[in-house]
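Before any questions on binding or motion, here is one chain by itself as structure tokens, the form predicted on its own.
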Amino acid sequence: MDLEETKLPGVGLRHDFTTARGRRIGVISTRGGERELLVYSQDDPDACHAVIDLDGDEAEVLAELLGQPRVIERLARLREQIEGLATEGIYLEDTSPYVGKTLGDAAIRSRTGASVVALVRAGEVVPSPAPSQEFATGDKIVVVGTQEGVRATAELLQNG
């Protein structure tokens, strides 16, 4: 199955694929973390039959229902158990200075005190990514740390 990625300047990314039964489906990932699920018309492949807006929580629930490992759910439960622990999924935009660079290049833990515990790319979870893991546009980087450390990581990944 081919997954097409299209950059949407000022918006984010769109990923499209065609099912085995010929239905075209897409997802728009905005810079703000929202998602739009697109179901294209069978008669006109450029027209949408339905567009469903999803916030971050709804997108995660849908991903779980479709089979994404439950790493984020486990982290949420851990966050509830440990006061002061923050967990966040930070999306890497195409303007980030770390696109094409490695986790080791970013030195997130030493610079912010937060830890990268997973990377989600195209629905696939990479738990405990190695320092050699390369970042790509649209990656969701799951970070755990203090609230300040998580915020500093988001700023670092956005602006360097």
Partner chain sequence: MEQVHTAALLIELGAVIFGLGLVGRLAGRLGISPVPLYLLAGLAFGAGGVVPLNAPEEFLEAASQVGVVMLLLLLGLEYSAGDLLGNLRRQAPVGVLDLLLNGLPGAAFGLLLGFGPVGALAMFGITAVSSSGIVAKVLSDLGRLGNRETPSVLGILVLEDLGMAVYLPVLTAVLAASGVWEATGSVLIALACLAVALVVALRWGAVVSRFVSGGSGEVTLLRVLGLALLVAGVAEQLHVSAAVGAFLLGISLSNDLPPEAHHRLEPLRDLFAAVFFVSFGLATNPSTLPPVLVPALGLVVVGVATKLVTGWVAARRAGIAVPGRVRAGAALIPRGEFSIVIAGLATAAGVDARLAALAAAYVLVMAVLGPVLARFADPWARAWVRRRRERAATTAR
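Numbering follows the first chain given and starts at 1. The structure displayed is predicted, hence computed values, not measured ones. C-alpha atoms forming the largest set that superposes within 1.5 Å between two forms make up the rigid core.
The discussion below concerns the form predicted together with its partner chain, not included here.
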Partner-proximal stretch of 96-104, 121-129, 56-64, 22-30 relative to its partner chain in the predicted complex, 4.5 angstroms, heavy atom: 22-30
Proximity of Ala152 to its partner chain in the predicted complex, heavy atoms at 4.5 Å: no
Residue contact check: Val11 to its partner chain in the predicted complex, 4.5 Å heavy atom: yes
Residue contact check: Thr6 to its partner chain in the predicted complex, 4.5 Å heavy atom: yes
4.5 Å heavy atom contact, Glu134 to its partner chain in the predicted complex: no
Stretch 28-61: residues contacting its partner chain in the predicted complex, 4.5 Å heavy atom cut-off: Ile28, Arg31, Glu36, Leu38, Tyr40, Asp43, Asp44, Pro45, Asp46, Ala47, Cys48, Val51
Cα displacement of Ala47 between this form and the one not shown reaching 2 Å, rigid core superposed: yes
Large Cα move at Thr18 between this form and the one not shown, threshold 2 Å, rigid core: yes
Rigid core fit then Val27 CA moved by 2 Å or more between this form and the one not shown: yes
